[in-house]
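Next up: just one chain, as C-alpha cells, the form predicted alone.
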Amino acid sequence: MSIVTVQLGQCGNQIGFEVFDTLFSDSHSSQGLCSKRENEAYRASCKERFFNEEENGVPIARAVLVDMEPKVINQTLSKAAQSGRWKYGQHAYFCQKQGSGNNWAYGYSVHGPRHEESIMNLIQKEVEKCDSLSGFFIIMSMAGGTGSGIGAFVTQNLQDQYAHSLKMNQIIWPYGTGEVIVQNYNSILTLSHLYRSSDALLVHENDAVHKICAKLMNIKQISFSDINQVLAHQLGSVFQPVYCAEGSFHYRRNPLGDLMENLVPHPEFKMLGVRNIPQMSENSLAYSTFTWAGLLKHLRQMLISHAKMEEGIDWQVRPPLSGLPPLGKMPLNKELHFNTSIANLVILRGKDVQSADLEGFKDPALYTSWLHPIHALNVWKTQRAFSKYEKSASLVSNSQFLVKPLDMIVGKAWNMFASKAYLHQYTKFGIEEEDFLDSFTLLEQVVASYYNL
C-alpha cells in the first residue's frame, strides 16, 4: 500500500526532500547485510510505499509540495532532479508569490480557502496513482504561517474528503527560545486543529534534534540541512519496510495502519515521539561495535527517563514498583521523572536481529494501568540493516514525553492572550477570541489526560 506525502511550507518541503532522499539511498544501498533476494523485496516494498515508476526509469516521489512562496519549492524540485536518482512529479506542486508572514490565521483563513481546489486536486491526482492507499503523511512546522496554517486547513480537508484513509502529521516543535514572537499562538492553533482532524501527530522538537547534531554527530556549525538529515534518518528508520511477524519473510503492507493500530489505542492520546539508537557521525561509526543487549538497555532507559538521545541519560530513574499505589498525584510543575507510556513500538534492523531480547520493554510498570503490556508493546524486526548501521533500534512511543513542553507552550500563549497581545493580527483574518479559548480548553484537556496516566 502507498503513502501520499504532503509537504507544506519551507520546513515541510525541506524535510520532505531529505526523507525521500534517505529512503531512496537506504533502499538502494549495497550495505544491507542480507541476501540479494531479500534486498530486492525490501527495495520493492519501499518503492511501492513512497515512489511511482517513471518512463525513463527515474522513480517519482509520491508527494505533493505546497508553499506560498516559490523559492523553497524551486530549490527542492531542482535538488531532487539534480540527484539523478529520483525526482518529484512535474506538476505535483503548488506555490504562490506571497507567503503568510508567520501569521497562522492568514494561512488558515485566507490562503487555505483561496487555494483549496488547486491543492486538493493535486492530492487527488497523486491518490489516483496509488493501487491502494495506506494514507497521508503530512510534514509541516507548528509555529509558522504557511506550513502550520495551511497545514491545519489541508488536514481538515483530507479528513472531510478521505474520511477512511489515515492521516499522520509530522510536526516540528519550535525552539524554546523562539524564532517568531507569535509562535506560541501559532502552535496552539495548529495543535488543537490537528487534534480534531488527524489520526496521529508525530512530533520532533527542534531543541532535541539540535542537541543530537551537536553531541552525537559532532557538527560544529549546525544548519537546517543537518537538522533535517537527522529527522529524515529517524523517520526512515520507522517507515522503511519490516517483516509482518516473527519468523515471517513478508514485508508489512500497510505501514500507517500498522503504526496507528499499535500506537493510538484511544483518540484522546495521539502524540507520538521517535527515538533511535545508535546515531553518530561516520567517523565514529568506523570504530564502534554494538550489541542488541547494550542498544536495548540504553533505549529502554531513554524511554523511561525521557531522554532524547543516548548521551546524558539519567540512569537514576526507575519504574515505580508494580502493584504499589502511587503516593498521591504530584502538582504539574514538579519534575515528571518517570515517563509513563500508553504504547510503544520497537523497530529493530540488522544483524542477528532474532537474538534481541525485549523483556525489559514488557514490564507492566512502564505502562498505564488500563493497557496490558501484551497490547501496549509491539516489536517489528528485519535482518535488513538500515543506513550504515549494522544494528539499529528505533522506538516510537505514545507517552508523557510532551506533557512539559505542551504545558509550557499553552502557558506562554495564555499569558499573551490574557493581555490581548497581537490578537488583532488574528481577528482581522477571522480567528476570534472564541477560537483561542477552544484551543486552550482542548489542549489543557490533552495535558491533563497524559499527566494522569
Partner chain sequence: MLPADCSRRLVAELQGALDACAERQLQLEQSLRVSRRLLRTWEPAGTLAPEARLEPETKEEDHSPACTPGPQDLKELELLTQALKKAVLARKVTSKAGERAKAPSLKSGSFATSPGMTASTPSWAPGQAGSCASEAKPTRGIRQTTVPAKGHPERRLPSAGNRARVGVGARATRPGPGLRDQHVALSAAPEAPESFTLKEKGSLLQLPTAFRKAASQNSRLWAQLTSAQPRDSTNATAAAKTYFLQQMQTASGRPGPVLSAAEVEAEVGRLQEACSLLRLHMKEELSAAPTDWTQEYRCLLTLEGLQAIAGQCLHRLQELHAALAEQPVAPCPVGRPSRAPPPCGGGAGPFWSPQLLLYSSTQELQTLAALRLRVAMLDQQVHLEKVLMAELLPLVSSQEPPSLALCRAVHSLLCEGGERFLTVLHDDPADS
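Positions refer to the first chain, counted from 1. Predicted, not measured: the structure shown is a model, and the values here were computed from it.
Only in words, not in the display: the form predicted in complex with its partner chain, which the text now covers.
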query = Can you say which of 385-393, 23-31, 58-66, 38-46 gets within 4.5 Å of its partner chain in the predicted bound form, counting heavy atoms only?
reply = 38-46
request  = Could you tell me which one of 308, 79, 215, 253 places a heavy atom within 4.5 Å of its partner chain in the predicted bound form?
outcome  = 253
task = Taking 4.5 Å between heavy atoms as the contact cutoff, choose which of 338, 292, 195, 94 touches its partner chain in the predicted bound form.
result = 195
message = Does any part of residue 363 reach within 4.5 Å of its partner chain in the predicted bound form? Heavy atoms only, please.
response = no
message = Please determine whether residue 297 contacts its partner chain in the predicted bound form, using a 4.5 Å cut-off between heavy atoms.
response = no
key: its partner chain contact in the predicted bound form: residue 320, any heavy atom under 4.5 Å   = no
ask   = Is residue 113 close enough to its partner chain in the predicted bound form to count, meaning some heavy atom within 4.5 Å?
value = no
query = Relative to its partner chain in the predicted bound form, which residues of 422-447 have a heavy atom no more than 4.5 Å away?
reply = 441, 442, 445, 446
